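So this first bit is one chain, no partners, the form predicted alone, shown in structure tokens.
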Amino acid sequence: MAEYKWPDAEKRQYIGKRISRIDGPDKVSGRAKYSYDINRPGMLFGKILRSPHAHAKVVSIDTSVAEKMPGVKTVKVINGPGYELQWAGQEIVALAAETESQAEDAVRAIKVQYEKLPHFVNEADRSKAPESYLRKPNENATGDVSKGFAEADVTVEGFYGNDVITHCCLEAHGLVTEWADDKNVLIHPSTQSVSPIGPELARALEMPASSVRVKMDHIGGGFGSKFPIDIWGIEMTKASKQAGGKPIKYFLDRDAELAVAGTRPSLYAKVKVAAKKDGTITAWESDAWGSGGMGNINGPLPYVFSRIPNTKTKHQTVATNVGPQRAWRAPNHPQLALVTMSAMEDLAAKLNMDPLDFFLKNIELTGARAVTYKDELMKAAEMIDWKKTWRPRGEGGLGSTKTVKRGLGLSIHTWQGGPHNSDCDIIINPDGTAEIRIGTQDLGVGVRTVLNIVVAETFGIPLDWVKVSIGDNRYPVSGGSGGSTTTGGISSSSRRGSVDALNLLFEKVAPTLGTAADKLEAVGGKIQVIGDPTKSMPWKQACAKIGVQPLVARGKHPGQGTLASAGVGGCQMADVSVDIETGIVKMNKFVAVQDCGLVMDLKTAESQVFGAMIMGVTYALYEEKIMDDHSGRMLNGNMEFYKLAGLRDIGEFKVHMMTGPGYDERGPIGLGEPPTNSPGAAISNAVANAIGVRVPTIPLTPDRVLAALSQAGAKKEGRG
């Protein structure tokens, strides 16, 4: 029976080293082809008429003019008379035409009568929500919260929150879909879900799953929003069949992409938290609410500090007439981190304690990863020179001027990141080349490179002898790429498959080397007797003994042996400057310390954290989906007013990965999610430290910073 484990540290040739992504040259040169780049002979262009109203009933639809317009090949009503539309942008009619402009003209020719209904789109002020939009709250309690507050010397109460944001994928959602015949369809979607999306489409079309072929090479962003086939994928595939199987290209226009392709829900909370003079936290009470459109949102408070002895929490979902939520890189964690870490740092400020000392004082309340958090906090403090730079709230950190105040803030976070199920085929060819085939996709986490590393490491051969084939549902089934489940799953299945394939090769070679297969090892491009390089055979010569047919082994996860695990912690600290005359927040420095078990590629792992930090600066300072109370529509559905951070906005970043003993033996754990959780909290805390007052909600736009300063000034002068 084969033994499945990762190589010891001293024997690793590639794992944990700094290796550049194998698809990097294709991406920077433009050779990489995304689904949006696909154009097929005779291709039609799809368009969808969407609701202009946030809440309305469809009374009548007249498509007769559109159907007769030049180039129009198919028109199909999706939601007809009597249907109650729940958000602006919801689908009504799909059509396809020979050119994109013909399709746009035809959409404009469709006449729809609506019965407008009352709508509600902004939930930050819960008191304004109609009663029918308020869901039954979840309430929980531990210990004796009244006793906990009575025992405290200091209590703070605050309001914290973040607004709804969108995924804002640079490659919009969509696909190219075509029928090979009346029973078989081929789709080229932009998806995180290569293996599962085919059966999903098949169910919608009531056809066998084997009749749906999925093929794609690269994806231009997903962040959790590109798992489903979506109604537009289903309707355009139906339209393709109605048009005689002609390929149809349909990708959301930018305004639709921002309005209907998913949101990260809001979360707002009134928090009361207390501690003794020495900083020991005694009680927590919170009343939270939020919305992901018509869907639900929930999550545990307090976040990470889950062992506060006396807690009382309430959470209520508020429905809104806004496009539905989707998973957004660590669902709910950034919001929960913001609320919890903001309240904690406000409590530290009232205690006149350095928040670093306050967090360390209460670190046991984080549970099983307390030691990890302590180590990470100390490392991050060293990287940002916390003790030298930090000053009490409102005093202005080192380097402050009369009008520009500098501050430091911190946050800690967690995420599970357990491995998903994964199958793969490992192939050794007689010419010495190797290939892995697996039905996964590289969402940006470096999947191709990780697979390359695992197979080459196991075989002891150069990286460029291994071909990595992904993005096709004809390959073995692997889980959807998301939730930080991918690296653990694919690393484990590819390691097991590679070990099995290598053992098959050992059996072919052993007689020539005069030993048993279990006495061989693969190292340095050779097959040799374990520990004896004098009895060896070059890899390619060994592979020539395979014969005409390649060796193939199926790798699986889960399987024998423990190759991956779950559960990570991380810490981030932000250094900001705030211009108190303009309200503009500038990032000076941002540091992250993160663990993820066994790091497969240090360069790619750091790259993941850098990307999360950029995304974090963006949602902390710029991003918000602005909804108009009057019309119920999104007001900034474009790239001019839906703000993202640019290169000059992010400041200096530093990343440290926790590796070595205590981490490596846990095997790989997914990394995409966790470093996105803390930025909002750390940056919000840094701004509070700089200007002396809390800006209650993110993004920390200039108007909000100035409003917080104005309100604080009014209170100080007895006007508020």
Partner chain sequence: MSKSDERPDQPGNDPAVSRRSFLKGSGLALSIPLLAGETVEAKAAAEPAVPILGPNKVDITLTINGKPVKASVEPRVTLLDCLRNDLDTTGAKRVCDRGTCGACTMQMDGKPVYSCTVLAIEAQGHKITTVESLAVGDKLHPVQQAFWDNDAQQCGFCTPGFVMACKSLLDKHPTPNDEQMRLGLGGNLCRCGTYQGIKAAVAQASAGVKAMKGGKRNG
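Since the structure is predicted, the reported quantities are computational estimates derived from the model, not experimental observations. Residue numbers count along the first chain shown, from 1.
Not pictured, yet referred to below: the form predicted together with its partner chain.
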query: In the predicted complex, segment of 217 to 225, 480 to 488, 195 to 203, 413 to 421 with a heavy atom within 4.5 Å of its partner chain; finding: 217 to 225
query: In the predicted complex, T604 touching its partner chain (heavy atom, 4.5 Å); finding: yes
query: Partner proximity in the predicted complex: P41 to its partner chain, non-hydrogen atom cutoff 4.5 Å; finding: no
query: Contact of S101 with its partner chain in the predicted complex (heavy atom, 4.5 Å); finding: yes
query: 4.5 angstroms heavy atom contact with its partner chain in the predicted complex for R21; finding: yes
query: Non-hydrogen atom within 4.5 angstroms of its partner chain in the predicted complex for each of D346, G583 and G718; finding: no
query: Among the candidates Q325, Q608, S342, N473, the residue which, in the predicted complex, approaches its partner chain to within 4.5 Å (heavy atoms); finding: Q608
query: Among the candidates A141, V371, M639, A180, the residue which, in the predicted complex, approaches its partner chain to within 4.5 Å (heavy atoms); finding: M639
query: Contacts with its partner chain in the predicted complex - residues in 355 to 387 whose heavy atoms fall within 4.5 Å; finding: none
